[in-house]
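Same chain, two versions here, written out as structure tokens and called structure 1 and structure 2.
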Structure 1
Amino acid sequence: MSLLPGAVAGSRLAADEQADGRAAHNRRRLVRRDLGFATMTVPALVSFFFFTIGPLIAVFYVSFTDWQGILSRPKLVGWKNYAKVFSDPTFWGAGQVTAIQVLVLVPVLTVLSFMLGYFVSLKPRFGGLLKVILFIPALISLPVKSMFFIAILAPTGILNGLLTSVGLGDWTTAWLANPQTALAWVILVDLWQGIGFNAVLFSARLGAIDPETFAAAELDGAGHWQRMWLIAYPISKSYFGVMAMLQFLWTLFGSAATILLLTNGGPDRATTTWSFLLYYKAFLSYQIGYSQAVGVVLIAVGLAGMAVILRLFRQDY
């Protein structure tokens, strides 16, 4: 704490300079030592950049090209693809589907997982067995999951079979081919798979809360509902935000694969999300430039959404 830094610098002693020299020497040695260790990370970094960051950057480049089909040559066309994308009703339709999917799935999934996680964290009876079951969806691959939902939801599938057998034959429909129900089922399938594993994660986080915190609340007569939302939730708010954010990114970018297998984007584009549109334009209608312009929109929306979610769930103490 000096008011006159210049004076202090001027009165430097020789010993200090010597110490500085030693520090610089140590620093050089440290850098040389680190250089050896750094080279060990090079192969991993090269692989990571070459196969994941490189292609990600290429999305931007390709979005400015006219590229008709995977095997043809690209031609730079400036903003033409973006003009096409933004004036295309299909793009805006898909935006609407994406918005519904994200706005329904992310809040519902995160809240239900949190509640189930709270339940599991209290070690209910048979909680161990419950946890084993909750892990199951994390083990099932996307094609297998999609295939058994196809079997369940097909016109002659078990859902219609069950409805018929309890006298609700009028309700039967081709669930995935009906524009009224297809998107709902795409969302439900993700819910089915997502709640279990997210709940286990929440229970691990909530299990780390000091029981004394809850005990004090109980003396004040707080029930489970209050404990859950007035104590457990504020304590784990930022964790809640991270879970919501991951689910958001996952849904926004990754929904194409499930949709491809369940509905192929139909019926009549009822389940065509931006993610599926990207896939469809690149591989089924050979407009790669258009597809990657959608990709850039997805990346922008993803970043913006991430920022909003993290902001909303900032720990406020």
Structure 2
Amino acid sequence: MSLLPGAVAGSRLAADEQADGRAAHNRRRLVRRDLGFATMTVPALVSFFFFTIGPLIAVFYVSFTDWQGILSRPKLVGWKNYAKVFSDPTFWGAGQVTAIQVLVLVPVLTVLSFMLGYFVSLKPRFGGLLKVILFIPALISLPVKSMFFIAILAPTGILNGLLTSVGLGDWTTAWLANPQTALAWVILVDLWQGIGFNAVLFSARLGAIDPETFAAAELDGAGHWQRMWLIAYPISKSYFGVMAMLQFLWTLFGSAATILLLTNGGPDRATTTWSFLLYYKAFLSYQIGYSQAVGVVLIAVGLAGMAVILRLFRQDY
């Protein structure tokens, strides 16, 4: 019987050693697994550095140079490009056009897309066909869209022909060559090509909401408007913010292509935005340092706008 405590102690020691061995084995297995996951991220990280971080660093560097094109050697000039940008009336005029475009297009497009997406999420009759129709503008290439709207808005185009045929010939004008109407039509074209695509994305998010939530609200007497803005919107508020942020970034950085094909920044710079000014200075005027200084301003405005939008639409439900 005197050997019993020693045997018990020995068995406990053996059990502890086995437990330690299993724990060490599990730790090694987790380390190998994490190492495998980390290894798989290397291509993405390398790609992110070369195609995102690298170009960003290049933008900042080039903005401090006087560079007339690839065949010339860049020369460091310090802050001269920024001084030139901020003293240039063209830059401030483009800033006003950019502000109008962003402040009109982003809220209108996001709100209308949300409302249309809510309707689609209710699975109406022929809902699948409706999604296809809404998605069509996103499938058409930008040059084709531009030619389509030029055919409508040209001085002898479809719109002026319709106005003349119904006795409103005095209303006809060169819509894309009139400083008072050109920017409005550029915004309308962006709305046409963006609402359907965003509505389909909103419908996918709203379709994930439990139908019993809407059913309970309907029993309490809530109509579609109340269910849309008092239930669907609070539940998907953060998603709404992400969509608004993406549209803001696209408008800020990507609207130059539409402007180039429709108006080329005119008439009288009425549609020249910061993104189009960047393109014009870099590829047509060969003032690459100036253009990249504008690019740095765009990046700063984009980051500030992202922070504000994400703050405004932070999920609190």
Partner chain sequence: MSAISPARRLRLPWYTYALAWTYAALLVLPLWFVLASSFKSNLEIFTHPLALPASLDLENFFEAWDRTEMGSAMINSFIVVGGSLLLTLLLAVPAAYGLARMRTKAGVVTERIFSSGMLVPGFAALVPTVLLAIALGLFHTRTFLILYFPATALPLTVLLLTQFMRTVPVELEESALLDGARRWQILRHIFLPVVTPGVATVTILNFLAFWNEYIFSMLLLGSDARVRTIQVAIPVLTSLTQTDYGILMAACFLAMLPTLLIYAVLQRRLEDALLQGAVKG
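For numbering, take structure 1's sequence and count from 1. In this text, rigid core is short for the largest set of C-alphas that superpose within 1.5 Å between two forms. Since the model is a prediction, treat every value here as computed from it, not as a measurement.
Two forms of the same chain here; which is the form predicted in complex with its partner chain? That would be structure 1.
Superpose on the rigid core, then tell me if the C-alpha of residue 49 is displaced by 2 angstroms or more between structures 1 and 2. Residue 49: C-alpha displaced by 2 Å or more between structures 1 and 2.
CA of residue 38, rigid core aligned, shift of 2 Å or more between structures 1 and 2: Indeed, residue 38 is displaced by 2 Å or more.
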